[in-house]
Ligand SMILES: Cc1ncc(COP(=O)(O)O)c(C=O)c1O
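In structure tokens, the next block holds one chain alone, the form predicted on its own.
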Amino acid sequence: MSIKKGFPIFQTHPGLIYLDSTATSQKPSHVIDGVAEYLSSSYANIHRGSYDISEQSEKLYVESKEIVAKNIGAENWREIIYTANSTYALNLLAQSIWRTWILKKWDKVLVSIVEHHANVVPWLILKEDYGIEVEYIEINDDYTLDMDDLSQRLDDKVKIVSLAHVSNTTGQIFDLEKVNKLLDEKYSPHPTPLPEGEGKTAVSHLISGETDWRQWQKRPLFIVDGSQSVPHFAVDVKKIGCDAMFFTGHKVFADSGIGVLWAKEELLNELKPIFSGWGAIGRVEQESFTHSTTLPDKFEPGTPNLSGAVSLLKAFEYIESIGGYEKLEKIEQELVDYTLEKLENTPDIQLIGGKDKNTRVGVFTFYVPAVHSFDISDYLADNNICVRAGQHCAEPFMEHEGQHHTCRMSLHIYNTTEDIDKFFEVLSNAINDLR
């Protein structure tokens, strides 16, 4: 059976050519049926319920975190925090970082010029409210990260480096392992000895929680936006070397309303949450309260998105059922290769993104001179082809490129070469008719 047949949307809408997966992915039957089964057979609130369906609901909730942890290389499922989406995840992390005084006025946060607004605005809020600085790392002509520019910006004021793993506009995969290596070279990669007589390294204190680890940390925190990488290829946070990563479920076959924030256990233990309430508190008195010290409860106040968690469990089960990320990557790589070949033979299209098939995913942002991108998008929509037009939540990058509007077509494993052929056929007609 073809991959596409496993996605009911294409039976409900015969002839639909969906090329907007960077915005959100379609859902396979395994996810849809799995959530329906959960809601009809074992839905109940979790934590402290001693009856059967509550215990089953809790079991599924934990299993969802275990499969997420396994698929991103995390050591402990308790490091997995569920949020509403990627944007919410970084807002939660950024505000908690400030509340813990890891950042102070005049400290710097580095992001790249191609970042999605989700990895820009939370830092700009801290700039507006507290006076931190936000600087933008340039990119090279081939849309790779400018490592020389990054290196020159790394000084003692830099406390956070926060980067997309994959750009939602160019499709470029940033070499984050190289970034991690540069951070090690620029800052002390080894535990800093404590004062004479203490008898422990900073790392041992960090793990035991016996002292404030911020006094000893030399490296900036390294944060990764995995929103466009986790849906398309295997990600390993240990291999990357980052301190935290976030992504959203709806781009990886799960339902909307469920996002993931992963961070190292020692960092999560140190951070003061920006939100609290049921499940996230230790004790409440009339004049005071304490945060829970248990992970992940500390960062998950209130009733969580239970059905969203189950959808994420089923989404990763689905990926494993088709052959895992190895199979997913193989399918998508063939589609990327095919699209790049078609682009080479369509001179009217101006691509914003690199052409190296080995360092990109299936995200293709483009414009056609003298034709408005919204007109192209509407023309394609009239022919049952779904793309997106606009600035793609990346206005600083679009300004950098001198573009006010572009089109973006993006692929996933349910697409076919026939979809791509039809896209280019209709696009050519649109260019001819709209000029």
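A residue's number is simply how far along the shown sequence it sits, counting from 1. Keep in mind the model is a prediction, meaning the values are calculated, not measured.
This protein has a second form, the form predicted together with the named molecule, left out of what is shown; the following refers to that one.
Contact here is defined as any heavy atom lying within 4.5 Å of the named molecule in the model of the complex, and by that definition not a single one of Gln172, Ile352 and Thr365 is a contact residue. At a distance threshold of 4.5 angstroms between non-hydrogen atoms, Val166 is in contact with the named molecule in the model of the complex.
The named molecule in the model of the complex is not approached by Arg360, whose heavy atoms all lie more than 4.5 angstroms from it. Using a 4.5 Å cutoff between non-hydrogen atoms, Leu313 does not count as a contact of the named molecule in the model of the complex.
The named molecule is not shown here, but in the model of the complex it comes within 4.5 Å of a heavy atom of His116. Contact annotation: the named molecule lies within 4.5 Å of heavy atoms from the stretch 249 to 257 in the model of the complex, the single such stretch among 177 to 185, 249 to 257, 232 to 240, 146 to 154. Think of it this way: in the model of the complex, the named molecule has a heavy atom of just one of Ser112, Ser96, Asn305, Asn85 within 4.5 Å, and the residue is Asn85.
Residue Thr22 is the only member of 13 to 51 with a non-hydrogen atom no more than 4.5 angstroms from the named molecule in the model of the complex.
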